[in-house]
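Taking the form predicted on its own, here's one chain by itself in structure tokens.
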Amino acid sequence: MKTQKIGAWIAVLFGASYFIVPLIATFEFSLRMRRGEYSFDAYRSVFSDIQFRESFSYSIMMAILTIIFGVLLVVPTAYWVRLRLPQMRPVVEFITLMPLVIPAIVIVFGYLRLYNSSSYIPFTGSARGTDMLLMFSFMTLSLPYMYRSVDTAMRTIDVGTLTEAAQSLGASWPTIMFKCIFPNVMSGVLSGAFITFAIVIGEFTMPSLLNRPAFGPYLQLIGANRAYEPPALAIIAFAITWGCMALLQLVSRFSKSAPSKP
């Protein structure tokens, strides 16, 4: 028993060092911008860069919109498939897994071919239209993770019984969806939202080819032209990602502990 515990702790320490040691090295290198001493000059340079603020705020906005529209698409779809169309579940799962097989560059070139300024739906003919196309692109990339998270959460509840009980009380379909189904799959929605946020923040191919000022192309631009700012940006992005993960866990925990209304 002791040998197994020691082996488990060795495995945990090895795994932790695999992730922590490179982070420590990256953070230490980001402090070397001032010759001969440690300083936060690289971080001050990043935060004072107007392009950083613009690109990061743009990606945050796109992440929020992608999460909202992705949830509005995925939750009703997963609910309806589980309630009325169980025979279509393999087909829907196959469709949602397609973005894992098709490279992002192929998807974005297909979008450019279909929705260019000379097509019937000229998304790329304006900045707002291109932003919408980019949001749809992010929704496509996050679809496998969002659908799987929501579908897994929906397996833990009796969709049929909830629907019948709500209908017997006179609830409409929007009421059933937003007051019965959404609260019960919130843990899956939050998990999918976190993964979607990480995808949007780090994605380079789609915003680069659509020529939008996102955070991913900014990271690539700084990494190609600076020495100390790229590791500082990596630490900042890592801290923001883990901060969002902690917030999502707190929201999920509070939603579970909150007393349900009669």
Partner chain sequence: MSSKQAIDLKKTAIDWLGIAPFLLFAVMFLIAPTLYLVTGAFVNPAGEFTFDNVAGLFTDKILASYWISIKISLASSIGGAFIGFFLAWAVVLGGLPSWIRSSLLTFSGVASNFAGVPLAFAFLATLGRTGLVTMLLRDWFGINLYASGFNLLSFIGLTLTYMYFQIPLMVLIITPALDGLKKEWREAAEILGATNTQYWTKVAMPILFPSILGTTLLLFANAFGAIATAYSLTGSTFNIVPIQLYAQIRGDVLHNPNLGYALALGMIVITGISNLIYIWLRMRAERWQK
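Just so it is clear, the structure is predicted and the values come from calculations on it, not from any experiment. Residue numbers count along the first chain shown, from 1.
Omitted from view is the form predicted in complex with its partner chain, to which the following refers.
- Only one segment in the set 164 to 172, 150 to 158, 180 to 188, 97 to 105 has residues whose heavy atoms sit within 4.5 Å of its partner chain in the model of the complex; it is 97 to 105.
- Shown alone here, residue 245 lies within 4.5 Å of its partner chain in the model of the complex, counting heavy atoms only.
- Within this chain, residue 37 is remote from the site of its partner chain in the model of the complex, having no heavy atom within 4.5 Å.
- Residue contact check for residue 113: one or more of its heavy atoms lie within 4.5 Å of its partner chain in the model of the complex.
- Not displayed here, its partner chain is approached by residue 223 to within 4.5 Å at the level of heavy atoms in the model of the complex.
- If you check its partner chain in the model of the complex, you find no heavy atom from any of 47, 65 and 197 within 4.5 Å.
- Along 9 to 23, residues 9, 11, 12, 14, 15, 18, 19, 21, 22, 23 each place a heavy atom within 4.5 Å of its partner chain in the model of the complex.
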